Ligand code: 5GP
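Okay, so here's just one chain, in structure tokens, the form predicted alone.
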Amino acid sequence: MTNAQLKKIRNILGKIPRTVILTHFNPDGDAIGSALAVFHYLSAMGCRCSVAVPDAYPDYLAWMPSVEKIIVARDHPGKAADAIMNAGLIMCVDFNQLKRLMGMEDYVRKSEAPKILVDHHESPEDFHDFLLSEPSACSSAELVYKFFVALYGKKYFNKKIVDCLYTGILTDSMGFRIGNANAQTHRIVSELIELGTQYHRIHNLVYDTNTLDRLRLIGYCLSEKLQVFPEISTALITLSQDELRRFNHRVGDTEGVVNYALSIKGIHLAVFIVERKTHVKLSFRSKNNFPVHTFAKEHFHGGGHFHAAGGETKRSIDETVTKLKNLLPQYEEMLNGK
């Protein structure tokens, strides 16, 4: 983002516009952390802000400051529409394709308000007036931090903001385990700690406050549903709707399950396949040089990052597994690091 663009944004913010902050469906820690960080930052400037998401956020984020103010469009479609159409500024974070708003996109297209997009996914759609896009960044929260600092330095930072940003970076970097959680990421985290975030408290709230049902679900995934294919360095886990109900599934309970499969020695690709009401969702994680974002885009209408991506299909779980088993041998050399 150029100095001229930043100056225009400062002029817009100087008018204290009513602002709506939007993020994608199935919002994760980076989406909610980035959106709430913007909410608290602009609120500190005096802007009237609201956050709208297409559907529910995970239970493990229910502690986040002002999360209860988020408008869930699935439950309150009229309220979400009003927030967008009455906004003088639209902030979009952690997505770059309007279809990921799952029903709110038409209102964004109709709105004449300036639109700022801050995101770290590849190939952004051209719907924005101002863009901060760095696919090499490990999280959108990292970019939101850089955006704030470029605008006004650290003038408006407070503990709520830094807690939200740290949560976004922590979760999207998988606990700082992926390669693009680089020196810049750790410098930003150091700044957030100096500004007051209690990283140990957030880690506990995100990762160590499981329900008994969730732990039993994870145990079931590992003991009964894990399939390993050592010849292609791949592991996968599947869950049906019936199995989710059996363990009283709540939003967020399957977060991170795919990482257990990836943690197996010698596994370079992990796939988690879960049945939803209208489709089957796939989560991909990889090590070494297997580009799951390309694989998801080419075969499962998805995308994401080099080592972390998602996709979906209208096939059944069994049909999806069969398709994977037929596809993956074509990638044997790459999966085995040859």
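A quick note: this is a predicted structure, and the numbers were derived from the prediction, not measured. Sequential numbering from 1, following the sequence displayed.
The following text describes the form predicted in complex with guanosine-5'-monophosphate, which does not appear among the structures shown.
Trainee: Have a look at 268, 100, 160, 214 for me and say which one sits with a heavy atom within 4.5 Å of guanosine-5'-monophosphate in the predicted bound form.
Mentor: Checked against the cut-off, the match is 100.
Trainee: With a cut-off of 4.5 Å between heavy atoms, is residue 58 one of the residues that contacts guanosine-5'-monophosphate in the predicted bound form?
Mentor: Residue 58: no contact with guanosine-5'-monophosphate in the predicted bound form.
Trainee: Taking any heavy atom pair closer than or equal to 4.5 Å as contact, tell me whether residue 301 reaches guanosine-5'-monophosphate in the predicted bound form.
Mentor: Within the cut-off, so yes.
Trainee: Spell out, yes or no, whether the shortest heavy atom distance between residue 283 and guanosine-5'-monophosphate in the predicted bound form is within 4.5 Å.
Mentor: Flag for residue 283 set to yes.
Trainee: Taking heavy atoms and a 4.5 Å cut-off, does residue 54 contact guanosine-5'-monophosphate in the predicted bound form?
Mentor: Outside the cut-off, so no.
Trainee: In the predicted bound form, which of 46 to 54, 33 to 41, 302 to 310, 59 to 67 comes within 4.5 Å of guanosine-5'-monophosphate (heavy atoms)?
Mentor: It is 302 to 310 that comes within 4.5 Å of the partner.
Trainee: Taking guanosine-5'-monophosphate in the predicted bound form, which residues along 116 to 146 bring a heavy atom to within 4.5 Å of it?
Mentor: Only 121 sits within 4.5 Å of the partner.
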